[in-house]
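As a starting point, one isolated chain is supplied in structure tokens, in the form predicted alone.
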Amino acid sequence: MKLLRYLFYRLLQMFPIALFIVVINFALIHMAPGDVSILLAGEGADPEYMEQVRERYGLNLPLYQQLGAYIGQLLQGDLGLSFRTREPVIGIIAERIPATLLLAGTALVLASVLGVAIGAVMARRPGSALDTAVTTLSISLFSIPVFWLGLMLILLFAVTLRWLPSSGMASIAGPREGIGYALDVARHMVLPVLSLAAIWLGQYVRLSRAAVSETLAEPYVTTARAIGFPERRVMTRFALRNAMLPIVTVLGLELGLLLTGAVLTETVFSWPGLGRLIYEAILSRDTPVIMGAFLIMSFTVMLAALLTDLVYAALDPRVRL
């Protein structure tokens, strides 16, 4: 009952936040320079036709009326129609989300698992040559721009060595079902996953090393060792579990940004995900698609924050919902 009550109150708190996000999202998009009607009607269009276009899309209405109409659409679960394709925005976004989740989710799992494991091992060997090398490498990975790393991986593995494909999610002439299709998609995932995971890996290695090092210095860890607990049990039951709180914080933020964190990577590798869709929508000034994508990404961050709080309470009994 306490958990259900907490969830109820948190969901109530999300309503004003969601409304604020909708208003800010709408205002920022409409404050951008340029006239959308010119893009819809075409350069040099007849003024009378331009006015018809504005009237058709409601662009001739005052801004507050456009906002009211947009909120009314959202309450009905309607994100509008794309200016470019005239298809429902919610359907366009739904088609792209699986590709983004596949790419960013794989990279996040790979980076977090390897990063936490490497950081925990390095925390037991502070100041060693290996610790110094791993620390330097992790800082370097975290500092590298993701688009530059992606381009370098393409240059090395796709252009020079010709081992892996450079773009897309699947080969044009490749299989479209079965194990052959899965293997083809896996080959296309290697480079974008590596470029995205490498940036996150450096972050998790540094965070895990610092958190585990701090936990290993706590008195209860010393007491556990004095009692005679095996070192592996000391690490897994006492040190690593209590060191997971700051890691869960960052992981929750990354989970909330899962749909947004691959915009540059998807653009570099022409990956047909949500990030690529946002890039294309910005170039074509497809306002409904931009607002719909930003709205869904904002709600994802809110839900990830709620999930992070619940995981906090499960890991540390001292945290009260």
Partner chain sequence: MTPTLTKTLRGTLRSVPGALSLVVLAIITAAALLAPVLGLPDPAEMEFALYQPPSAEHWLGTDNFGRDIFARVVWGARVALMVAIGAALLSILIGSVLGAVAGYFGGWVDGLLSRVFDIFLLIPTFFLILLIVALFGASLPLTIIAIALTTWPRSARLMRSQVLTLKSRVYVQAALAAGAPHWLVILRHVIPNGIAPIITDGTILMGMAILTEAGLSFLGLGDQNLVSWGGMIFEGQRHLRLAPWMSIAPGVALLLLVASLNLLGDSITFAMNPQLRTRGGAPKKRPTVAPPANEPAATTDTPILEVEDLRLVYSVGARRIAAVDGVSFTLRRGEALGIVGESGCGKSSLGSALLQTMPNNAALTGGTIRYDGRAIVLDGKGVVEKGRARIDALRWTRIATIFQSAMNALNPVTTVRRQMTDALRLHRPGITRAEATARIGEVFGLIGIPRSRMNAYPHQLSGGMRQRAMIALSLILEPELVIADEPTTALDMLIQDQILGEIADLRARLNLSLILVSHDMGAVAESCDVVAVMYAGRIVEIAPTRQIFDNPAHPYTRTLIGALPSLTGPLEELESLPATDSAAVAAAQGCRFAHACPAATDLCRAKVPPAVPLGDGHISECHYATSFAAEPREVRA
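From a predicted model like this one, the values you see are computed outputs, not experimental measurements. Numbering follows the first chain given and starts at 1. Here, rigid core means the biggest group of C-alpha atoms that superpose within 1.5 Å across both forms.
Heads up, the form predicted together with the partner chain isn't pictured, but that's what we're talking about next.
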property: In the predicted bound form, the one of Q66, Q52, S37, T267 near the partner chain [non-hydrogen atom within 4.5 angstroms]; result: T267
property: Single option in P98, G72, G91, P145 placed near the partner chain in the predicted bound form, where near means a heavy atom within 4.5 Å; result: P145
property: A123, heavy atom within 4.5 angstroms of the partner chain in the predicted bound form; result: yes
property: 4.5 Å heavy atom contact, D131 to the partner chain in the predicted bound form; result: yes
property: Contact of A198 with the partner chain in the predicted bound form (heavy atom, 4.5 Å); result: no
property: 4.5 angstroms heavy atom contact with the partner chain in the predicted bound form for G77; result: no
property: Any residue of 53-70 that, in the predicted bound form, places a heavy atom within 4.5 Å of the partner chain; result: none
property: Cα displacement of I296 between the shown form and the other one reaching 2 Å, rigid core superposed; result: no
